[in-house]
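A single chain comes next, written as structure tokens; it is the form predicted on its own.
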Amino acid sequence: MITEKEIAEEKTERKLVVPGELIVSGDYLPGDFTRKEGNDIIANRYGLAEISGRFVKIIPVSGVYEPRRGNTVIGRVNDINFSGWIIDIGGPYSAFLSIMESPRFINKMNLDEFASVGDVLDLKINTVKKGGIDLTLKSKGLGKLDGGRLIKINPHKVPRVIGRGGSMINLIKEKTRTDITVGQNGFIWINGDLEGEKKAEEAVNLIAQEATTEGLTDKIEKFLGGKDKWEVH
């Protein structure tokens, strides 16, 4: 159980909990994968319990990707038909990007000029319906991701890879001098020189493996070679 003292001190580490475990008692509101019983907030799922103000939620550390409207995801083009692209986003259903959801004009006769089979895209989930997902590119920063490498981690480890306020992912970007785009579906695109890409991928995989470890930020900084190794002199 997370104590009132820990909350008051605004401890930053999250607490690993199991289904049925008491997370906290008091005037709190249940969020993702939690329930309220009287004044108690109870875990419904194995994962990391996080308290933000009065709001309590669990970040799962295992399981498949559960698509939600508004999620930013990374996907690879699997096929093209007359009206758009079939995208693999690693979810339980097929995902489709309609030509109408592109922010610019695309010739219907040459869809592969914009994105061909194998291309990687940064997208947003527009709707989730029974048996399918509709995607869109009509949001700032979305589009095709050229070059680089695409890796996959458990989607429930994504919050740890990003860190609070983007602290962890920014640390990796800075130390490896790479551009990194993280999808909420667990696909991560890394672009830089060969050494930087390799080191960034290793760091991301290390975070995914040790997501529940305390002092993980310090461990990753040490793994990346300290403050000076990756800086340009």
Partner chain sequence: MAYTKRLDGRKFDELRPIKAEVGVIPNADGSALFAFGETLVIAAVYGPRPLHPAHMQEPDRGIIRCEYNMLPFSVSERARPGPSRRSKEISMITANALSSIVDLTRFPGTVIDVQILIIQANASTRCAGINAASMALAHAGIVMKELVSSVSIGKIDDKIVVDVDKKEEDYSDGEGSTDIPFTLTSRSKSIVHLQLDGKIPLKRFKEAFLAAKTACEKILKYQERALKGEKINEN
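Because the structure is predicted, anything quoted here is derived from the model rather than measured. Think of the rigid core as the biggest set of C-alphas that the two forms share within 1.5 Å after superposition. Residue numbers count along the first chain shown, from 1.
Keep in mind that the form predicted in complex with its partner chain is not shown, yet the notes after this line are about it.
- The closest heavy atom approach of residue 94 to its partner chain in the predicted complex falls within 4.5 Å.
- In the predicted complex, its partner chain sits within 4.5 Å of a heavy atom belonging to residue 44.
- In the predicted complex, its partner chain stays beyond 4.5 Å of every heavy atom belonging to residue 54.
- Although the partner is absent from this view, residue 29 stays clear of its partner chain in the predicted complex, with no non-hydrogen atom inside 4.5 angstroms.
- The three marked residues, 21, 40 and 64, each reach its partner chain in the predicted complex, with a heavy atom inside 4.5 Å.
- Only one of 173-181, 186-194, 160-168, 64-72 lies within 4.5 Å of its partner chain in the predicted complex by heavy atoms, and it is 64-72.
- Once the rigid core is used as the reference frame, the Cα position of residue 212 differs between this form and the one not shown by less than 2 Å.
- Positional change of residue 49 between this form and the one not shown reaches 2 Å or more at the C-alpha, relative to the superposed core.
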